[in-house]
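To begin, one chain is listed below as structure tokens, in the form predicted alone.
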Amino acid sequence: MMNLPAWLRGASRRRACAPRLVHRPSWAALAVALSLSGCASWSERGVTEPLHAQLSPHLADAATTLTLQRDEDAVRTATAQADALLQAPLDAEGAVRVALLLHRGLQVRLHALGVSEAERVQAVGWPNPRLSVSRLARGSERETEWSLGLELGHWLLRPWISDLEDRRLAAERQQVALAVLEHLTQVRQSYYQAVAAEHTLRTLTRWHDAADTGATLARRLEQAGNFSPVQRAREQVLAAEGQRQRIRARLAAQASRERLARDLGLGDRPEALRLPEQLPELPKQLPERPELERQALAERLDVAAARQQLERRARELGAGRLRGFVNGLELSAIRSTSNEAPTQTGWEVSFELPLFDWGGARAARAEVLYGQNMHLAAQIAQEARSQVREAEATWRGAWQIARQYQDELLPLAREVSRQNLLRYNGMLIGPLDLLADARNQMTTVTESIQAQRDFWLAQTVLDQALRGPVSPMSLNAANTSRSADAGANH
């Protein structure tokens, strides 16, 4: 075996171990390293403020309501703020604020983003140096080595690593923002459904009362000999039908309220929820919005996320080729002292020889991932434009139907009732005819409430289509609701 110098033997024994820089301990170098590592640190503001910046164009100042609740005190503070909002009947934006304050699922998302931020800080921080001390003896010779090792490859790749970590965190932040906006869309839909369901319940209760009064009057008229059994039975059937619809409406109202309470984070105390008696008024006119598709491509978070992911893959492709040469690069300064020989100093450079792995598989993987993300970005853009077109058509159609009820059918129903009341006063029709007319008017009112609700549901779907992806269930929410209502009324 070739005899190696003592200082090189010590270094050779450790070459297979962790990379290191061997020299006398330098506290100044340690201080510099620690100060550099302190440049990147985790903070709550680093988690929430970039997310607020992404949510603000869609939620305005309500975005700052979403904070990282890290302890019970923060939870109690948020609960107190939500309780203040719940003192009055909620509007849709108030419901959004309550959900941002109370919903634990949003906190789960936000804490996961905090974990990703911590991982980014860990990845872009300077690697800790390794300090080791060894003492070797050979006969009367005593050799002492101090080793302080640093990973040179990480230092050289740090700009690329930092850039990739920033892009990874930005992509995850956009996913969290998308999840928040999707949940708030669900909150708005549940809100409009709950308000409409309770309004419908009150209307159908009045209808049932009118039908019940008609049945009672029919029984008395039959006993007086002024009504046939068939006429009395017809009125009783109508009363039973009114009772059935009222029961269905009560169940629908209860289910809608519970669903809204869950979406708000009030699942354990739904009694705290207070709703207005009616839905918001319909707009008089709808604005022309010819730039909706372009606006969606510019503002949708999923389109932006796909674009950023594609840029990230492109950078990974370039960085991966460089990393193949830099990984494993070590630079060592060596100092060895002995009681029988002069102190020896020197340096050592080591790197991997690409004999078996030239990085071809890694480069191929990066290229395939880049192509995959390129097609994914194109698919997302196509779906975004299609969803916006469909959502706008549903929105305009729902508005036309709702306006028809407001402007034509309801005034006509009121005019028919007024004329029937005049005929009743002139003894041209009986009380049962008047009650039948009241029932017909209640039907028109109920359908008008449903049409008004469908417009606001379509409005939430269009807003969501401009922010991010829309689920097929949400996209067809208005039609689904009309179908369900039609099934319930027959």
Partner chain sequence: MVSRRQLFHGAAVGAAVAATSVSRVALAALPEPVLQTKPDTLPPLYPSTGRPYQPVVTLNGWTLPWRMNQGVKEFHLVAEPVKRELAPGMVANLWGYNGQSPGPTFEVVEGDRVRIFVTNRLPEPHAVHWHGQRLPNGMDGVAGLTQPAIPVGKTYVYEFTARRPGTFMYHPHADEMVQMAMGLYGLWITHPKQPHPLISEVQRDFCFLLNAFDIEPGSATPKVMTMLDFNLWGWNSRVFPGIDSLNVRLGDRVRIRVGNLTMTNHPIHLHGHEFTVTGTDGGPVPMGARWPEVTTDVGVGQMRQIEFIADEPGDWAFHCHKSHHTMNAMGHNVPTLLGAQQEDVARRIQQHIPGYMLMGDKGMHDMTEMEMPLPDNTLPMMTGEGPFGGVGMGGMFSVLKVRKNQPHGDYRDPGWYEAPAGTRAYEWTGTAPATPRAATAPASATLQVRKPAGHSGH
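Numbering follows the first chain given and starts at 1. All of these numbers come straight from a predicted model, not from anything done at the bench.
The same protein also has a form predicted together with the partner chain, omitted here; what follows describes it.
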Practice task
With heavy atoms only and a cut-off of 4.5 Å, decide whether Q81 touches the partner chain in the predicted complex.
Solution key: no
Handout entry: Contact label in the predicted complex: V230 to the partner chain, heavy atom within 4.5 Å
Key = no
Practice task
With heavy atoms only and a cut-off of 4.5 Å, decide whether R307 touches the partner chain in the predicted complex.
Solution key: no
Problem - Heavy atom of G225 within 4.5 Å of the partner chain in the predicted complex - result: yes
Problem - Listed residue (Q236, N373, T213, Q406) with a non-hydrogen atom within 4.5 angstroms of the partner chain in the predicted complex - result: T213
Completion exercise
Per contact check vs the partner chain in the predicted complex (non-hydrogen atom within 4.5 angstroms), the hit among 438-446, 41-49, 54-62, 453-461 is 438-446
Fill in the blank from the handout: Near the partner chain in the predicted complex, with a heavy atom at 4.5 Å or closer, the residues from 402-425 are Q419, L421, L422, R423, Y424, N425
